[in-house]
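Heads up, the chain below is alone and in the form predicted on its own; it's given as C-alpha cells.
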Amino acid sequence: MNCEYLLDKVFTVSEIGQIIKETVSEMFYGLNVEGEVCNFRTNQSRHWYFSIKDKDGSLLNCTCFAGNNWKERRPENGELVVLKGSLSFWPKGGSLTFNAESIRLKGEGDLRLEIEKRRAYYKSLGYFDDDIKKPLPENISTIGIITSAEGAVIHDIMNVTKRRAPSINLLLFPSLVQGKGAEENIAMRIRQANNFSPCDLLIVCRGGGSEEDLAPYSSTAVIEAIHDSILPVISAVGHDSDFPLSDFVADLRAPTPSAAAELVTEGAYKKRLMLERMEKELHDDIKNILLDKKLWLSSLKMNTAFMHKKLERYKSIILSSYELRRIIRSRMNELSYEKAALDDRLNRSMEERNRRIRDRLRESSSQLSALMKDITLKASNRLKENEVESRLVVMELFRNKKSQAQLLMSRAEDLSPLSILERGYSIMTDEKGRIVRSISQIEKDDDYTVRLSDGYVFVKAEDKNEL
C-alpha cells in the first residue's frame, strides 16, 4: 500500500475499520494462544462468547461459533485453555476478537504427544512385535487380576467367571488405577504376581475414563513390567475405543475386562458344556428305555382286562351251563399260567436292562475319573517345572537390575552439579531465580544469590566491569 497515498487521503471511520479488518485477517491466522477462561456465555444459536486472561491482567475477547464448538468440550470459567484460531476485527463495534477453531485444556495435548513419542520408542525396541508374545495356557486353574479392589471391574470378572467356569480360581492383586503413584503400583503388582503367586496368567484391567485417567497404563513402568513378565498378560483397559500402550505390549488385548474374563474361561466353559451334554444324553437314554417298558406293561394290562371282560360276558350268557363253566375255569387257569410266565419274562428283561444301564454308568464314571486324574497330574507337573524355571529367571533378572542400578548411581554422582561446586565453582541467580551467565545480565543495585558447595551468599551489585 502507498504510504504517501494514505497520508494525503482523509478516511471515513468505516474505511479505517475495513483496512484494520483486512490487515488483521490476512496477517493473524492459525495462532495458538493460552489463558484462563472468564465471562463465559452462550446464546440461542449455540455460539460461545468468552474471554481469556493471563497473570499480567491482559484480556482477549474470544468467540467459538457453533460450526466449530459442536465437537469441543465446553470450557468452564477458571480453566486454563489453549485456543487455536485467528484474530478478527468488527468495524461496527470497533472490537478485536479471537475466533477459536479448537479448544483444549492446557497440558492435554502435551500428554497425547508424550504417549505418542513413547509408543514410537518402544515400537523401535521391538516391545510390540508379535513373535515375542506368549500364548495363553490350555489348562487354566488360577487367574491373577490386577485392578482396584473397590471398582465394578473385579465384580464383573467374578460374575463372568462364576457363570462360565466356577472351577477357576481368581487371585486379586489390588492396585491403584489412576492418579499419582498409579503406574509404580501397577508395575509392582505385575512383578509381585510373577514372583510370588501360582497364577497361570494375568489380566491388567480397569474401566473407562479420560486420557489422563488411562495415562498410567501408557507409562514406562507399566510397559516394561508387562514386557518383562514371565506369565502371559492380557490388557483390558477402558472400553473398545481406548488403546493405551499396555494393549500393544501385552500378549493379548481384550476390549473390556468382561471380554477378557470370557476369553480366558473359554476352554473350561467348553469342557463344562461337553460334560453337561454327555450327562443329558445318558439321562435321555435311560428315560427312553423306561418309557418303552412302561408302554409294554400298559399293553399287557389292557389285554388282561379285555380277557376278563370277555369272560364275564360269556359267564352271564351261559351261567347255568356246568360244562361251559368248567371250560371257562380251565381257560382262566391257562391264562393265569401264561400271565405268570409273561410276568417272569418281564422281570428278567427289566433286571437285564437295568444291569446294562448300571454297567454303562460305571464305565462312564471310570473314564471321567481317569481323564480328570490325568489332567490334574499334567497340570501339577507343569506347575512345578514353571516354578523352578521362574525362580532361576527372577534371580538372574534381580542380579542384572542391581548391577545396572549401581552403574547408574555412579554416573549420576559424576554428573551432579554439586560435585562441580565442590571443586571451587559457584552459581549466581537473580531475584527471579534465573541463572546469571553473562556480565550483561548484571544490573546495578540488584540483589543476587551465589550458591556454593555448602551454602548460599546474598550479594548486591554496586558496580560491574566487562572484559
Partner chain sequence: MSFETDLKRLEEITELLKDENTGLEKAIELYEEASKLTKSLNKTLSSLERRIEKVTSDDEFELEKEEIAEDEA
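Residue numbers count along the first chain shown, from 1. Owing to the predicted nature of the structure, the values given are computational and were not obtained by experimental measurement.
The following text describes the form predicted together with the partner chain, which does not appear among the structures shown.
At a distance threshold of 4.5 angstroms between non-hydrogen atoms, residue 211 is out of contact with the partner chain in the model of the complex. The partner chain in the model of the complex is approached by residue 169, whose closest heavy atom lies within 4.5 angstroms of it. For the chain shown alone, residue 281 is a contact residue for the partner chain in the model of the complex, at least one non-hydrogen atom being within 4.5 angstroms. Although the partner is absent from this view, residue 395 stays clear of the partner chain in the model of the complex, with no non-hydrogen atom inside 4.5 angstroms. Picking from 159 to 167, 328 to 336, 375 to 383, 116 to 124 the stretch near the partner chain in the model of the complex, with a 4.5 Å limit on heavy atoms, gives 159 to 167.
Interface residue among 272, 134, 308, 391, judged by heavy atoms within 4.5 Å of the partner chain in the model of the complex: 272. Residue-level contacts in the model of the complex: of 285, 228, 101, 312, one residue has a heavy atom within 4.5 Å of the partner chain, and it is 285. Along 170 to 207, residues 170, 171, 172, 173, 174, 188, 189, 191, 192, 195, 196, 198 each place a heavy atom within 4.5 Å of the partner chain in the model of the complex.
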